[in-house]
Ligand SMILES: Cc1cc2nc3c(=O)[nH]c(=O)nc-3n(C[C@H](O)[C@H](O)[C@H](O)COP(=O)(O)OP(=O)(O)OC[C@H]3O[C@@H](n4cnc5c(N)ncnc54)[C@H](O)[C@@H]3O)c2cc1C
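In the block that follows, a single chain appears as structure tokens, in the form predicted on its own.
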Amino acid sequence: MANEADVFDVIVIGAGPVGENVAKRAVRGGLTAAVVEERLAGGECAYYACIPSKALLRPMGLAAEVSRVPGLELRGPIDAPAVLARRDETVSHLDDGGQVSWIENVPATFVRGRGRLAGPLRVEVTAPDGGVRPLRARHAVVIATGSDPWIPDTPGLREARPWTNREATSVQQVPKRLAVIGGGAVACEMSQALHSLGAQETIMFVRGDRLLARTEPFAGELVAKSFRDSGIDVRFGRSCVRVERPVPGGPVTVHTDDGSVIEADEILVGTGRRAAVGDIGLDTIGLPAVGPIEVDASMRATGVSDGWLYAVGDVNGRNLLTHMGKYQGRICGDVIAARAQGRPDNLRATRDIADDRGAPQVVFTDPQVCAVGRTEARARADGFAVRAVEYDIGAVSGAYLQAEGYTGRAKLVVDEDRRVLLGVTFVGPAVVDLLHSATVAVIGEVTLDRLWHAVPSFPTVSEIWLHLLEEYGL
């Protein structure tokens, strides 16, 4: 006899920060919720991405800042074991008990196991012991399963068991020789972090002609210069054509398209991510078992009759950033609660404003790369009447006081028709705290004439705003 299904208003598959936010907002709206997770509650970000990577990068950034201030000096190299121990603390030693308690205190029901759709409004959860628990939703099922690293089909690469963000952020023994494939955020951050912790020979193979290709060109140029100055070997326009690792755990040999042969202790792949939708039962409701899942502005999946299925975060492919997934989760939970109770949708909540106008992003390298909204190239491609202005951050008094030889650059991308910002980029040491003011200006569509009256304090790096506006002509 089949088990009778447990019934909840909302079932969320995936207990990362995105799924947690959906459940929290749905419960706040008066609904009951179950959250299903096969792995660790808290998700990729908490254990293998955002949190541990920043724990590894923070000492490197501080060391770099100290080196730029006369009168201060490091006495010896960074203590790698101490950094790794601190990293272990930040990920709670891979114990998700605290996250499970947080979910239960929402209050929502936490269900451990692999969640799979079993038809409209139905989910089956396979527990670690193999038992199957059926669940049924009254109003909505939300897919929040995130994304997985993408490994290129390079001959021998998969067999070599390359590192992805998971292995890099959970490293216990820093390799002396590290080969890196990719030039995006993961490749850049982890190359620099591991190099600072003891990867003496670090070689990056970048298929294109610059790092961080989705940012303004000067961002990748400044990061590449910093890498090379620190001893990281960045090779542009290079592809790996074959990888060999005859002995598991032994050295790996990388063959590139220019005939070079490189031997390393480990190889790290940072070439992007793909929506994690394999074997979650999309076929049971007539959707292809590939991602991303297409959604509307309220995160409701398109192509599903009766509108009961939602998809949030990386799995919908809109913005593969934790904070943007959490933003989508808040919208989604609010909308589900409103629709379930027959209340009118809050039109402001159901408009994905931040997704539409531009998500903020930080690459925590040295120098940091912070950007929100469109690049100049993207804005022109989107048909805006664009004017862009740039300024040397190192010429600002606050930057001069912060570090000797401060090197950085800032850029505004302006919609000339409306005189509002379409995008802002800052590159330089410790510029991350400038980003939220830029985000407010871009998302809020603050006019330049009004922005000119937001007076920055002297002598701070935030005076870059004044110089950029003066450069524009205000």
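Everything quoted here is computed from the prediction, not taken from an experiment. Numbers follow the displayed sequence, beginning with 1.
This next part talks about the form predicted in complex with this ligand, which is not shown.
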Accessibility of shown form to this ligand in the predicted complex, site-C-alpha superposition, 2.4 Å backbone/C-beta rule
open
Answer yes or no: in the predicted complex, does this ligand come within 4.5 Å of a heavy atom in every one of Val36, Glu44 and Val186?
yes
Contact label in the predicted complex: Phe227 to this ligand, heavy atom within 4.5 Å
no
Using a 4.5 angstroms cut-off on non-hydrogen atoms, would Gly198 count as touching this ligand in the predicted complex?
no
Please check if Ser191 has a heavy atom lying within 4.5 Å of any heavy atom of this ligand in the predicted complex.
no
This ligand contact at Arg122 in the predicted complex, heavy atom, 4.5 Å:
no
Which of these residues, Leu321, Ala80, Val91, Val389, gets a heavy atom within 4.5 Å of this ligand in the predicted complex?
Leu321
Answer among 310-318, 215-223, 290-298, 400-408 for heavy atoms within 4.5 Å of this ligand in the predicted complex: the stretch 310-318
Heavy atom contacts to this ligand in the predicted complex at 4.5 Å, residues of 8-32 in sequence order:
Ile13, Gly14, Ala15, Gly16, Pro17, Val18, Gly19
